[in-house]
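Okay, here we've got a single chain as structure tokens, the form predicted alone, with questions on binding and movement later.
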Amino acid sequence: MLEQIAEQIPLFFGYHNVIFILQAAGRTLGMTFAGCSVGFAFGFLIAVLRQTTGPVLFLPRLLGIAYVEIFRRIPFLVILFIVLFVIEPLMPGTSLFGIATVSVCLLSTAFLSEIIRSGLESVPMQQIEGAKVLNLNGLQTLFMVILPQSWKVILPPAAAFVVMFIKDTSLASQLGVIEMTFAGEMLVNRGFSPVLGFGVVLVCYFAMSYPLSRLAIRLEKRLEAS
């Protein structure tokens, strides 16, 4: 087996294969960060909405809670196929990569919303009551009192979720999206050793997720110091 791998290495790391792997890695990162960025923005809005108590926002608040509870309990693979069968009739010709990215947005919004909500609720009630005594309005209380204290609670699980989702995007291969796992499988099907094909996939996943983990640790320490 080692002799076979040694013979295949020069061909495996040829120009076209390297470009093919890099393109697959780019799709994996693109789905993850586009989806999680959108998910963080909408998740933040839902989390803030769930903190409101006014009767005017009762229905939107109820819809936000229902959305989070439903999508947190649906497997990502099921969401992929639901989005596929909904988007295809409405927008024929939509790329599979776009469908997978929309699915990531839907799922990440639900999970990140819950992470952000738990961070917002970690701020002691005395801090919020003090802001009211100082005559701060809701937005001022949120951005000047709650968020500065809640970031160190939000950041670690949010970063862990993004790292997890880098790996979970491999399920997009079930739609035919050529991401890292599917690229490794295609290279193995071309006759290359599985050790080479999936070994490179393993290294690529580690190279994509490890720097993000280290960045999250540095940010967490910096926030604690402040």
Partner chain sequence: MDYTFQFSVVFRELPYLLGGALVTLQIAFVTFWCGAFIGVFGAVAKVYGGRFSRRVASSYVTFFTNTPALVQIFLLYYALPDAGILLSSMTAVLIGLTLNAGAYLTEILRAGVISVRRSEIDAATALGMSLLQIVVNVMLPHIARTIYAPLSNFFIWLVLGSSMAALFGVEELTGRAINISTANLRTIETFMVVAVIYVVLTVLASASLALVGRVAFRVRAKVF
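Residue numbers count along the first chain shown, from 1. Between two forms, the rigid core is defined as the largest C-alpha subset superposing within 1.5 Å. Because the structure is predicted, anything quoted here is derived from the model rather than measured.
Below, we refer to the form predicted in complex with the partner chain, which is not included among the displayed structures.
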Heavy atoms within 4.5 Å of the partner chain in the predicted bound form: does Ser209 have any?
yes
I'd like to check something about Leu22: if you look in the predicted bound form, is any of its heavy atoms closer than or equal to 4.5 Å to a heavy atom of the partner chain?
no
Is the gap between Val201 and the partner chain in the predicted bound form 4.5 Å or less for some heavy atom pair?
yes
Contact with the partner chain in the predicted bound form for Pro89, defined as at least one heavy atom pair within 4.5 Å: yes or no?
yes
Within 177-201, which residues have a heavy atom closer than or equal to 4.5 Å from the partner chain in the predicted bound form?
Thr181, Glu185, Pro194, Val195, Phe198, Gly199, Val201
Quick one: core overlaid, is Ala25 moving 2 Å or more at the Cα between this form and the one not shown?
no
Is there a C-alpha shift of 2 Å or more at Ile217 between this form and the one not shown once the rigid core is superposed?
yes
